[in-house]
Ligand code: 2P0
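Here you get one chain, nothing else, as structure tokens; it is the form predicted on its own.
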């Protein structure tokens, strides 16, 4: 796969004003991506569950114009957000070679999240993927004879240039991003659905997101990624990620939940170990993060219920479990784990279908 395939070369037509809407979910990585090369290329492959309830709804309103510049306004929940402009400007500049029509319109970008904006859940994956697929849907209106499968692949390609993990939110289920020798067709440029057989237990996996800390992280993910360049353990970490990808292929096919939990938890702790051993070092976990992890381990040992945790680049805990144990795990969360959440807040989610159009 080459970047040149995403440069438009089909006939186009003029269109008037209009609006396009898409919702796109967040995702939670099972094998983590941490460290990247220029142009948003991952240092190692990753695989994630696409979520369902935690999503961004975006409406892109477009009006033709004649000036040769970017023109847009951004609204969150109906309120203009000037502080969002720099990131959108940077995104448009990055994708302009692949979407040259962007300078031909003024855009009103109306966005809202189904989860609290300040909840501590990274909204860049859902937000950038929703905007990217709106841009590609606009290209579909302008250009002639574009294949729908190609358009979804291009949306993932563009989303990656806004936020690396956003490329994993276009498709549903299990999504792979990054070149891996055991997965034919895998690419650093786009995310695509896991191509092997998946056991039914993993098709409706549940994810309860425990909101330990809703504040802004003291170290951004972008800074954290860059600290991997000269990290003492970077090479070993990248090798570990490739090994875990290999191990997950038969695990996801067979439904081996115990082995699945072992890899997922090891990946979460490896991610944070990289943060704690970088230069400069930092810690994003909070005391309550550790309280939740220890409580999950104790519950699992006592009940033999296969519930495990994973973490993103923050303090919040994702509690993963098969759907058949929903009642028991929700009882654990409500009765024991919610006390470690900020204001007792948590979100119940599950594996979802990816980006979907919004009727306007």
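All of these numbers come straight from a predicted model, not from anything done at the bench. Numbering follows the first chain given and starts at 1.
There is another form of the same protein, the form predicted together with this ligand; it is not shown, and what comes next is about it.
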*Report whether all of 124, 163 and 313 sit within 4.5 Å of this ligand in the predicted bound form, measuring from non-hydrogen atoms.*
yes
*in the predicted bound form, which of 315-323, 52-60, 26-34, 293-301 comes within 4.5 Å of this ligand (heavy atoms)?*
26-34
*asked:* Please tell me whether any heavy atom belonging to residue 210 falls inside 4.5 Å of a heavy atom of this ligand, as the geometry stands in the predicted bound form.
replied: no
*Exercise: residue 71 in contact with this ligand in the predicted bound form, heavy atom 4.5 Å*: no
*Could you confirm whether residue 222 comes within 4.5 Å of this ligand in the predicted bound form, counting heavy atoms only?*
yes
_Please determine whether residue 271 contacts this ligand in the predicted bound form, using a 4.5 Å cut-off between heavy atoms._
yes
*Partner contacts in the predicted bound form for 39-62 (non-hydrogen atom within 4.5 angstroms of this ligand)*: 40
